[in-house]
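Given next are two forms of a protein chain, the same chain in both, each as structure tokens and marked structure 1 or structure 2.
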Structure 1
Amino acid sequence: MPFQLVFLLTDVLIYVLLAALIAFGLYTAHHEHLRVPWRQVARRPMAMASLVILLVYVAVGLMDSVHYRPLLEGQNRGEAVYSNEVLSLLDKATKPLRARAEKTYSAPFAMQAYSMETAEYPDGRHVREYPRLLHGGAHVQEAGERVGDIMLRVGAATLAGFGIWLLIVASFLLFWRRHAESWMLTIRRLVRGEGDFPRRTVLVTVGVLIVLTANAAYLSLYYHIFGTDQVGQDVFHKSLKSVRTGLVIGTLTTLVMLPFAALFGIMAGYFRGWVDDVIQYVYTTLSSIPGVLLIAAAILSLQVYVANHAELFDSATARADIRLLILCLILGVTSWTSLCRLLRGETLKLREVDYIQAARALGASHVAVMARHILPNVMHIILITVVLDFSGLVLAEAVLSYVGVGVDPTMDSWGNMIVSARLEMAREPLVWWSLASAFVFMFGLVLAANLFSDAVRDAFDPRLRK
């Protein structure tokens, strides 16, 4: 085999999450009353545009969640030997970016380094100059041609992206066209935005994203479109790698805390009495420790555990991964309590409702009542919490990294990028691109998540539903 698959702990959990989402989606699709609010979400143009953006992030994150060790070349004798380095599909796809490291900083689209160096010419002269980059703009002969070259390539990529988009639109029209309807009429319907579902918005968003992606993909083969960092790595590549970290923090945290929050919250509300007292005590205790401090204390302590058991984690990637998982767990513990409290309150109300009383009277077991009657009725609260928490968690990662209790420092994450970019702000001329890149990527994700979660909340929160 040319590779050996590696399953990191977070990878496995991501697959579990994905499976759960698909199951949930199928379940929803088969139940009319569950589909109603989703349809409401789907009618909001803003939400759907956000969803498209989110899906792009998710795609990048998923690609970065399939890991393997490549076969070492030139070792044909005996058994296959795999590299110690763990790579992901995303690494494979962005290999040109990864391989094209410069010596140190360079600005976006630059063809020369950011700082001057003394070059020694064969005739013994020493000249201070901005050296040419190894890869960025290496094909350009003269400095003056650079802008023209960029324009040309932007034009080409935009055209190509536009072409792909037109193909997509055309195939959509093919599918959407009513029987015996004229093409013009179909297009007019689309342009006018007819129908509940905001097809026009979605297609435009897709179009913009495709053109942007085409530009980024094509130009990044020739230039460092977001510049390079201190050791010459492509910042665009780093930002892409950070997507997975952000998504994992935002989603796995809720995934790991959900079962506990749901179980304990419902149990407390359902059984009341001493069960309620114990559970309330536990979550009050946990929530009374300020979040950052609890995270700091736990990360500090668990770091030592990982260091003590280094043999369990064979690669730097695996070690960074376990720290990420720990961070998710602890963030989960700190955000667990509010959901638990909400669920307890809702269950308290629900258990007095007639049909549940009836179910009890008919001899249904506690477990059955909780699973079949109460859980589905509090599902909307869980959903809203999950969606609302997401953006906050992504933002929290950056702050925690700054405090020093965030993800592993060797892991690519926006938080780590910001923390190191802070030092670059003192340079003269300013090195702004790392910060800007982290900002753009993070802002895109969080803004999309915020807009989408607004729509979900409006659709599911019965208080707001008229």
Structure 2
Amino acid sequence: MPFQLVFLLTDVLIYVLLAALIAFGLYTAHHEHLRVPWRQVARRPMAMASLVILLVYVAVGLMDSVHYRPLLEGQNRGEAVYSNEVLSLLDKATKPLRARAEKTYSAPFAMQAYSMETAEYPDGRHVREYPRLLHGGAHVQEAGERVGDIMLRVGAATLAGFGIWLLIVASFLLFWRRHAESWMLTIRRLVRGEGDFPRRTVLVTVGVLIVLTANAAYLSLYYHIFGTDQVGQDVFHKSLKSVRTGLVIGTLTTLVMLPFAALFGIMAGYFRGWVDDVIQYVYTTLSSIPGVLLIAAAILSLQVYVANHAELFDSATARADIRLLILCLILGVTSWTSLCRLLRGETLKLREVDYIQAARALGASHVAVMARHILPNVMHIILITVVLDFSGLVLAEAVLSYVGVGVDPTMDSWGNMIVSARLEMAREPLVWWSLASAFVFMFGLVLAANLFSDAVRDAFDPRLRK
């Protein structure tokens, strides 16, 4: 085989979470009481536009979660030797960005380096000047031609993206068109936004994303659209690679948090007495310990373990991945207490309602009552908390990396980009694009997640449901 698949621990957990989401979707599709609130979410244009953006981030993260080792060239056919470097499908798709490295800093769409260097001419003269980049704008002969070349390529990419979008719209209209209905009437219904589902908003959002993607993909072949960092790596490529880290922090931490919060919260509210006292003591004690201290202790202990057992990790990617997993675990352990309190209070109320009392009087076991009657009635709290906490967890990674206890410094993440930008902002001339790139990508993910979570909260909260 030309490659060898590599399954990192976080990759396996991502696949498990994806399978759980698919199973939850199938379960929801067969239960009307669960379909009703999701239909309400689907009727909100802003929620559907945010969902489209989130799906783009998820697609990038999934591409970066399929890892492999490429086959080394020049090997004998009878013996396959694979590289020690672990790559992903995203690395394969963005190979031009990864391979086109410069010497050091360069501004977005620049043709020359950001710092002056001493150049020696054949006649012996030494001149301080801005050297030309090896790859960025190398096809342009004169600096005055750069703006025209960029505008020409933006126009070509925009036309290509718009053409692809028109094909998608035409395919949708062909599917959506009613029997014996004229094409003009079908287009008019789409433009007016008829129907409960905001098809017009979804198609417009898809069109904008396609045009932006076409421009970014085409321009990045000729320029560094977000500049380069201190070692000459493309900042746009680093921002794309950081998407997976943000999604892993936001999703796997939730996967760790939910079992603790759901089990202990429902048990504390249902059994009361000494069970409630013990669980309250546990989460009150855990809440009183600063989370940063627990995270720092866990990360430092992990660093010592990895240093003493280097043979267990066959690559730098595996070492960075285990640190990311430990960070998700410790964040999950320290963040389940607030949801546990909410579930405990709701369970205290539910255990006194008539149908719970009737189930207990008919001889139902405690496990059956909690699983079949209480858990379904607190799912709205769990779902609302999960979607609202996602944005906070993504931002928490940036804060933890800033203080030095976040993900591994060798792993691409928005937090590490902000940490490096802290030193770049203090130099002269100012290097601002690393911080701007991390801000743009993080802002897009967090804003889309917040808008979508607001719609989910309004749909599933019984007090707000219409």
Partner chain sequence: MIGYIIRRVLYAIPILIGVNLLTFALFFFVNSPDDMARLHLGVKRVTPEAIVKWKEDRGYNKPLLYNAANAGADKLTDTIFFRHSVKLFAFDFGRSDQGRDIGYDIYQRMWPSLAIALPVFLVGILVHITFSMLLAFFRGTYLDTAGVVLCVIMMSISALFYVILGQYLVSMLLRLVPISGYDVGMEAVKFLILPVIVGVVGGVGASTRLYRTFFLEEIGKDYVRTARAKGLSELRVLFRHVLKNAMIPILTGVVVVIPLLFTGSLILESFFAVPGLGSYTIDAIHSQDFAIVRAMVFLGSVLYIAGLILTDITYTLVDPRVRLE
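Not measured: the values here are computed from a predicted model. Between two forms, the rigid core is defined as the largest C-alpha subset superposing within 1.5 Å. Sequence positions of structure 1, starting at 1, serve as the residue numbers.
**Student:** Determine, for this pair of isolated chain forms, which one is the form predicted on its own.
**Tutor:** Pick structure 2 here.
**Student:** Does A297 shift between structure 1 and structure 2 by 2 angstroms or more at the C-alpha, the core having been superposed?
**Tutor:** The answer is yes, as the C-alpha of A297 shifts between structure 1 and structure 2 by 2 Å or more after core alignment.
**Student:** Given a superposition on the rigid core, I'd like a yes or no on whether R43 shifts its C-alpha by 2 Å or more between structure 1 and structure 2.
**Tutor:** No, the C-alpha position differs by under 2 Å between structure 1 and structure 2.
**Student:** How many Å does the Cα of P429 travel between structure 1 and structure 2 when the structures are matched on their rigid core?
**Tutor:** In the core superposition between structure 1 and structure 2, the C-alpha of P429 moves 2.4 Å.
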